[in-house]
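One chain follows as structure tokens, the form predicted on its own.
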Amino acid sequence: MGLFSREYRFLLWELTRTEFKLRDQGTVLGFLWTLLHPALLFAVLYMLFLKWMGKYVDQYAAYLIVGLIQWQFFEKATAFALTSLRRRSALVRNFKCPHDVIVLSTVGCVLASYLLELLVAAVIVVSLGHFPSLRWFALPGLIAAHLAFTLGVSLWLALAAVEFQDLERIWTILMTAGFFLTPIFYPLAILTERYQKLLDLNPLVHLLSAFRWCLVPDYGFKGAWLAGVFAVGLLLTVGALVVYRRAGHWITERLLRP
């Protein structure tokens, strides 16, 4: 089944739709429950850090909510994709199903939630007085860059998790550390130049900066770094898709073993 065939696209759509329903997001109430977590996290961080970070960051509420939405898309998509092949092992046993489409549908499910959350964030940003500008036309490109990088990481994580079952716990720990090593609730400006250069190696730093530049006035980003993140994401994705097709039997054997 080719990547661009009609059958592949249909299967991807159906699995994505099923994943979305299984996550209790097929109704308005289900989505509201999903939205509750970032809303609660935003409220806690805003109350804790407004007085401190407000001295360094203009429009801190908008700054914080845009950062949280981007971070949570990456965190949720990678965590959900990591376990996707094992969760769907019954599908592999009973049907001839490409392994990559299982991971893609999982990320697609989180992407649907992310787009709705991003829409809510945009409404909140506007309500705070930051009206749409020409920069908003860059949003589709920024979403594509974020998706490419997240999808590339997700595909490789899911593949590694087939062999290493402890990877889920390791990734959870890394994501906890990553939350504090990414300028979500604080600006890079409060760090020393040395640590700022170290954080430049974190791709999410540049994705967050670009989204803030797009949605919130008076913020900039490093275009060359963002282009690099996009390129790395595409390379990871394409490379993973090639490996999935060539290692199909190996993946099936690992999923079927006790």
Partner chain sequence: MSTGAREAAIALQGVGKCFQLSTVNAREGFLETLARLTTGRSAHKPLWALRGLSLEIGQGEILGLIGPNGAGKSTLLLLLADVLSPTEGSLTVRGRTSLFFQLATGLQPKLTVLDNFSVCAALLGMPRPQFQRLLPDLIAFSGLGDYLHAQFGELSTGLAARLAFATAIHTDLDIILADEMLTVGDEAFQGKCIRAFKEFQAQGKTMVLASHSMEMIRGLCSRALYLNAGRPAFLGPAEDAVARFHEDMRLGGSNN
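All values reported here derive from a predicted model rather than from experimental measurement. Residue numbers count along the first chain shown, from 1.
The form predicted together with its partner chain exists for this protein as well; it is not shown, and the discussion that follows is about that form.
Only one of 95, 137, 131, 180 lies close to its partner chain in the model of the complex, with a heavy atom inside 4.5 Å, and it is 95. Screening 111-119, 150-158, 166-174, 183-191 for residues having heavy atoms within 4.5 Å of its partner chain in the model of the complex returns a single hit, 166-174. Site residues 10, 90 and 253 are all in contact with its partner chain in the model of the complex, judged by any heavy atom within 4.5 Å. Residue 242 falls outside the set of residues with a heavy atom inside 4.5 Å of its partner chain in the model of the complex. For the chain shown alone, residue 22 is a contact residue for its partner chain in the model of the complex, at least one non-hydrogen atom being within 4.5 angstroms.
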